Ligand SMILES: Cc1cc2nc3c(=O)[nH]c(=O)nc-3n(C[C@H](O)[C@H](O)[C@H](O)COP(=O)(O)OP(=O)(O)OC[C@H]3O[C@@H](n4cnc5c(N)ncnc54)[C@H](O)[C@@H]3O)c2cc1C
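What follows is one chain in structure tokens, specifically the form predicted alone.
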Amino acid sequence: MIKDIDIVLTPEESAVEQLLVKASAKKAGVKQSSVTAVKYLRKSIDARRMDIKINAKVRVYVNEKPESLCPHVEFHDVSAAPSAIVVGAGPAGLFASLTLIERGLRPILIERGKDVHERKRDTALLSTRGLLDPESNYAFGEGGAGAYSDGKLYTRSVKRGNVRKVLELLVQHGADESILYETHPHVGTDKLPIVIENIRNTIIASGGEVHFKSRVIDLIVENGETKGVVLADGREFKGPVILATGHSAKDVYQFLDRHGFVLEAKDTAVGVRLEHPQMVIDQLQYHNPKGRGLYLPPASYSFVTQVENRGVYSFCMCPGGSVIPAATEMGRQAVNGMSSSSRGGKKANSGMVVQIRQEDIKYKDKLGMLRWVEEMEEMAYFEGFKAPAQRMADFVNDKVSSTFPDTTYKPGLVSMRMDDALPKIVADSLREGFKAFDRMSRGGFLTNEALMLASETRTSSPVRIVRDEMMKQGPGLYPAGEGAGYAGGIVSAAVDGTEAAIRLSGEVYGK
């Protein structure tokens, strides 16, 4: 017998298997000795009060052998099938490639950066010595910008494609099964590279190709139809193209514009990384001066407010994580956050960003928002990618920080007023936003124990490739993911890449 039940657990019951089995057996009305397994179907934390509970739906197996909650997808040999080119090995490109294989097509995956293991050495050099490889860093390389991140998988894009299948394919390739039931699932920067490598191996084993250190510099366009791509080393690959290059590949917009594809400036959000002691966040979110205790995970937060009708909000919150240099070119500074699967670090960080609209900036052309963001990154640049920094309360009170708390940001810090490192509209909005967030948390969030680092600029693409107009221009090109301006995060990019592959297979090959 198998029974699915809704149950409310204590943190200890949810974390200790024997106690979970006991509580589930009691709720299901069966003998504990007859329960062969209990599996979560859904799990969330209710931390609204000090008496914290875990709301869950579980599957109780009574004298039954438990089955996997994740169906296995068979990827067949497509080595003799028609080909399609996928540019970019981030989530959109990887899942586009898997989908092409499922639909009987052979993906040729082209990535400007290095494989996920070689790339790790380059990110280490950037973090520890400030040495940037413009083709291999935290944005470029196998896995894309999400490979060395928290690996957050939460998305609101559930109506745009099969989110569940994306999660199941991640589990099939090595992610923990918990991502199928956690309310805010994550993989972690220590585990995600393994999953990415396994996906690559599936593509190759199925007859696809994967090319690293291969930067696409142009499209082959004939009579309005995209016929292939040109690489920096002169090689050409022929076939319909899924363009899944990510929002940091700014050179792509240049050659698209040259060929007359329709681009438009897009609103974005920019700001800083804010780093707190994890204990402070645990105390605030779990309403307990002792923090999270033995059985609760490191706490996260999500804040949003309006400052003069402008959104100010937290973004990409990383409990127990680190702040990293996310720059892709010399002379421009960007920061981001990451954390391991355990989220066991002593610091918590989050992007704190401000909505920027077209009317806020002086540039009015289609690449104007991109240029404005680049200028903001130039304001924050110091040699070796040292980050402009200021204590949070000092910023609000307009005081220069003479000392800093411990930080996870390895390249180093430069004491600087955030008002001098950020555009005025961003600094003013953040100041008021921080006051609002402190009120929401009933005090304690706005503290000099927290450190601001500039600048957080890679929240989303400042350019959109207008896909509706592209369809009128001719077949053969399918922009997907964050770089196309239609996704924001690992799962939404994967879903968008999947949908692009479905469109290509149907429109070009009738599959």
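Note that residue numbering follows the sequence shown and begins at 1. Note that the coordinates shown come from a computational prediction; the quantities given were computed from them, not determined experimentally.
Quick note: we don't show the form predicted in complex with the named molecule, though the next part is all about it.
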Going by heavy atoms within 4.5 Å, which of 84-92, 297-305, 413-421, 396-404 lines up against the named molecule in the predicted complex?
84-92
Can any non-hydrogen atom of residue 144 be found within 4.5 angstroms of the named molecule in the predicted complex?
yes
Is there a heavy atom of residue 425 lying 4.5 Å or less from a heavy atom of the named molecule in the predicted complex?
no
Might residue 319 be said to contact the named molecule in the predicted complex, defining contact as any heavy atom within 4.5 Å?
no
Is residue 245 near the named molecule? Define near as a heavy atom within 4.5 Å, in the predicted complex.
yes
One residue of 369, 195, 270, 139 in contact with the named molecule, assessed in the predicted complex (non-hydrogen atom, 4.5 angstroms)
139
Select from the listed residues 110, 175, 430, 101 the one whose heavy atoms reach within 4.5 Å of the named molecule in the predicted complex.
110
Let me test this: is every residue among 240, 467 and 477 within 4.5 Å of the named molecule in the predicted complex, going by heavy atom positions?
no
At a 4.5 angstroms cut-off on non-hydrogen atoms, which residues of 213-241 are near the named molecule in the predicted complex? List them in order.
214, 215, 216
